[in-house]
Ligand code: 13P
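Below, in structure tokens: the form predicted on its own, a single chain.
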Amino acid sequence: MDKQKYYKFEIDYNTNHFNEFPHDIFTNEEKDLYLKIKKRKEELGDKLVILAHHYQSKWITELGDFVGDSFQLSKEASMMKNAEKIIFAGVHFMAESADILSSDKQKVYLPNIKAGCPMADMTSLQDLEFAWEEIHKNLNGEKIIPITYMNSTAEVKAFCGAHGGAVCTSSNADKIFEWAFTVGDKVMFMPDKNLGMNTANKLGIPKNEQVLYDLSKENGGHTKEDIKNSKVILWNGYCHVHKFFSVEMVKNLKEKYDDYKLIVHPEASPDIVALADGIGSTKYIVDYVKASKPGDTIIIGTEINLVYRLAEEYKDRNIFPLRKSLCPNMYRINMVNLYETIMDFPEERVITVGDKTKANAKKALDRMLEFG
């Protein structure tokens, strides 16, 4: 079985398809910037820390002091007490989380301010406040615990903190749901409907007690009885990277491979998760591959940069993507804007969360740490 090379991409943002060419073609300009960034890192020493998310390209992760998921990286930054400057090679909500957990003496920089997260933006504070009020009109004193996925804005995290709720990650969502049901009657989960449904299914919550709230319809598209009888109220958001996986793709694997394991991220739809051999966070996926054996064939359903990097690192395994699905916003971080940031630290790239928002968001994050 031929091994796949590591690639960088030209993207069609409408279809998430892209044309590929080997990442081995590292231009002289990119190589020059790469070396200059390394030199600048040495000059700054422990006063700088670069955080690189798993979904970043190979060369960005090689420049990272830490590589991991969003919350893991923010925690690492909070423990780097000497680091005055934190560069987050990720997307906007991740840099916000780093700012929430960092000290007042630290500044967090996002190399490209336009590197946002469409899923996080699917839940605005204004819409959430409207839905919260509308849903409560259908209840008779039942207590709702709001839970937001880490992939959300600081304002949404703060809302959860202010209303007795919490943040969760893809690896501890089930524990946070369980905690919520000990202090409340219902969970309102945002923004990712798939992670919410997969978590509810894992906990054995019947599908008729899960309602998907559609903001464009009265009562989210449900009767008052539906709302009253529900255990989990789901926001209608999703990750476009994981939206592109289909049951047909999974079924086609049997025609391509004799023996394989399918590992998917829980942001994939429940019908995909039901067919998988393993479901978990980016850390889970990395650990699964690490624990596998030479010769194993592993099909991975998550963002392509992580899959190709694992394929390159574990050349004695056969590692392939379920589909080549890339996060265009992660791809906005590149060698040029990383170089500009580390050389000049432009003020317009500083990510700052207001004090009140930060305080309430930290409550939600602290509850996750306590109960998750």
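Note that the structure is a prediction, hence the values are computed from the model and not measured. The first residue of the shown sequence is 1; numbering continues from there.
Just so you know, the form predicted together with the ligand exists too; it's not on screen, but the next bit is about it.
The candidate site formed by Ser102, Phe159 and Arg367 is entirely out of contact with the ligand in the predicted complex, as no residue has a non-hydrogen atom within 4.5 angstroms of it. Within this chain, Phe93 lines the site of the ligand in the predicted complex, having a heavy atom no more than 4.5 Å away. Under a 4.5 angstroms non-hydrogen atom cutoff, the ligand in the predicted complex has Tyr149 among its neighbouring residues. Of the heavy atoms in Tyr308, none are within 4.5 Å of the ligand in the predicted complex. Among heavy atoms of Gln106, none comes within 4.5 Å of the ligand in the predicted complex. Partner contacts here mean any heavy atom within 4.5 Å of the ligand in the predicted complex, and among 340-348, 35-43, 65-73, 313-321 they occur only in 65-73. Contact annotation: of the candidates Thr153, Asn194, Thr169, Asn112, the single residue with a non-hydrogen atom within 4.5 angstroms of the ligand in the predicted complex is Thr169. Between the options Ser269, Ser292, Ser281, Gln210, the residue in contact with the ligand in the predicted complex by a heavy atom within 4.5 angstroms is Ser281. In sequence order, His53, Tyr55 are the residues of 44-61 having a heavy atom within 4.5 Å of the ligand in the predicted complex; the partner itself is omitted from this view.
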